[in-house]
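Form predicted alone, single chain, as structure tokens, below.
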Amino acid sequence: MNIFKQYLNTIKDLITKNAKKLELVNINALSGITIEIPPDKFDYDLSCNVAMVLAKTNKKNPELLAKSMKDLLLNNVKSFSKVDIAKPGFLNINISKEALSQLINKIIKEKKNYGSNLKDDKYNLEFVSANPTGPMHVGHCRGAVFGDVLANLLIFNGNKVTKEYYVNDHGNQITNFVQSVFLRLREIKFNEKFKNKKDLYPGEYIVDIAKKIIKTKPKINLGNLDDIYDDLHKLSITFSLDMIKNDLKKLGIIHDIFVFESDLIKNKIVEKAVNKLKDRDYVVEGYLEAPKGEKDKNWKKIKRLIFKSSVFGDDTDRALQKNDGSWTYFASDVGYHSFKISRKFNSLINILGADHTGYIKRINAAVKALTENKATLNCKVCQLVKLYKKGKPYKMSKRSGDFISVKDLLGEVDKDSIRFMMLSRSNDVELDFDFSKVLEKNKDNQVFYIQYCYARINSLFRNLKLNLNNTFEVDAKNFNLNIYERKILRKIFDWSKTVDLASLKQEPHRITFYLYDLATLFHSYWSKGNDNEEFKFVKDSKIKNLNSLIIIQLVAIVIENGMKILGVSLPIKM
């Protein structure tokens, strides 16, 4: 239920039917009309800009047009009890008691579904996809939480979502990783010192993987790496992925599917995708200059397959083959996205790290070429996370190597705080994560403040010996709200719009912002009751006004729905 859409359509239909009466020649600008909640100082439920939008396209005075529209709305929309005009032509609207009662009863009836807009699209959401050469670090953590919550948001809004992890288990870095495991195995078995050469992985986690392999295959032959490479590759990737999956699980994240690069190459998916682009004349044989950052001595100007990426908005064309003729990482990504497209998703979403910004244009170009501009790909970049404690940069143990792992982070802060704080800012700006703030129990700790709001509501219902899940109905004849309840109700109505906008823009941080604002309104109302007898909920162990109880129940319903999207727990006692 989205009252903004509901009333927006009502107003648009009414204006369209009465265009002649309003002396409107041009009503093509109706798409620019919006309905919002006006600032508190106006004390209205809704505000609409329709008069200003149509006055501009019809060369009319917006205030005079607003006056004509005011009468039209009051005479034709029973749900509107009051319509006033604010400069330069806003229509400020109050909803009638009867209509408010019906809307509240509908929210209570919808409960767990309140806020869902039932979009019914099919998404492929690829996120994390950390190289299986070591544990997840703090940078991965932000993208992991962002992707998981975005999936929850899209699902809550009625869509189907496949949460996917792409495993880069092919290429030079994997060869170096397997060699590192092999050397650690020999270190354990034969007491050989690990040779920390360039490109090898020195982290202690490699020792853990080696120990697991010995436990699984105690008689593994360690004479020559080439002889056991395929077997050791499989075991090393398996145990490394298990480590990553375990960290993800502790964060509350479980993927639906893992797609392996090696399988795509083995099944010639990359080759088939490149051939498809060849058939469309988007791939040619030619020469490229060395890419920026590539040392000239490592780049040979040889004939290779080139994707015409610039045709689709990229800065330059892209090589699909390395000097030795093998596929580039980009070619593998082309094959992978071709595999995604073959599974008939309406929309593809990639969650990327801060160091992948330059990747976006080329992979967007590939998707456009593969689908003839029919599929949509949205790449969301999660910027860096900086760790602080009491306002100062914080360094944790680095057993994992040269980075701070998710395991380290989980040792300091609980899952709920991590999930919430990773969404406390928009994904496209850097995030400062202060340990001291998330451990405090006050308003500055946003997740605590919301959980405390929910716990307070549960406490109130327990003291009244009422079940929070009971269904109460508003009595329209005796429907009255005080100023605090009115503000809270307006915020409740805004929930569905927030979900819709967050889903449309794929910006789950809007949910955290909304929930904190709602909790703040509730706590303010609660505190006012401690100072002013007029605003107390309870008198002589009984609720003073059923309307108050219902408004508070609405707060609980929305917080439950919102925190479920965030994957954050809601204790009933604190």
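Numbers follow the displayed sequence, beginning with 1. Because the structure is predicted, anything quoted here is derived from the model rather than measured.
This next part talks about the form predicted in complex with the RNA, which is not shown.
Colleague: Since exactly one of 342, 75, 172, 469 fits, which has a heavy atom within 4.5 Å of the RNA in the predicted complex?
Modeller: Spelling it out, the residue with a heavy atom inside the cut-off is 172.
Colleague: Taking the RNA in the predicted complex as the reference, which of 92, 79, 152, 482 has a non-hydrogen atom within 4.5 Å?
Modeller: None of the others qualify; the residue that does is 92.
Colleague: Among 152-160, 430-438, 473-481, 208-216, mark the stretch whose residues have heavy atoms within 4.5 Å of the RNA in the predicted complex.
Modeller: It is 430-438 that comes within 4.5 Å of the partner.
Colleague: Do all of 53, 523 and 528 end up near the RNA in the predicted complex, with near meaning a heavy atom within 4.5 Å?
Modeller: Spot residues vs the RNA: full contact, yes.
Colleague: Do residue 501 and the RNA share at least one heavy atom pair within 4.5 Å in the predicted complex?
Modeller: It does: once the RNA is placed as it appears in the predicted complex, residue 501 has a heavy atom within 4.5 Å of it.
Colleague: In the predicted complex, does residue 27 have a heavy atom within 4.5 Å of the RNA?
Modeller: Residue 27 lies outside the contact set for the RNA.
Colleague: Test of understanding: in the predicted complex, would residue 131 fall inside 4.5 Å of the RNA by heavy atoms?
Modeller: Heavy-atom contact with the RNA at 4.5 Å: present for residue 131.
Colleague: Would you check, heavy atoms only and a 4.5 Å threshold, whether residue 301 touches the RNA in the predicted complex?
Modeller: Answer yes; at least one heavy atom of residue 301 falls within 4.5 Å of the RNA in the predicted complex.
Colleague: Who in 303-326 is close to the RNA in the predicted complex, meaning a heavy atom within 4.5 Å?
Modeller: 304, 315, 319, 321, 322, 323, in sequence order.
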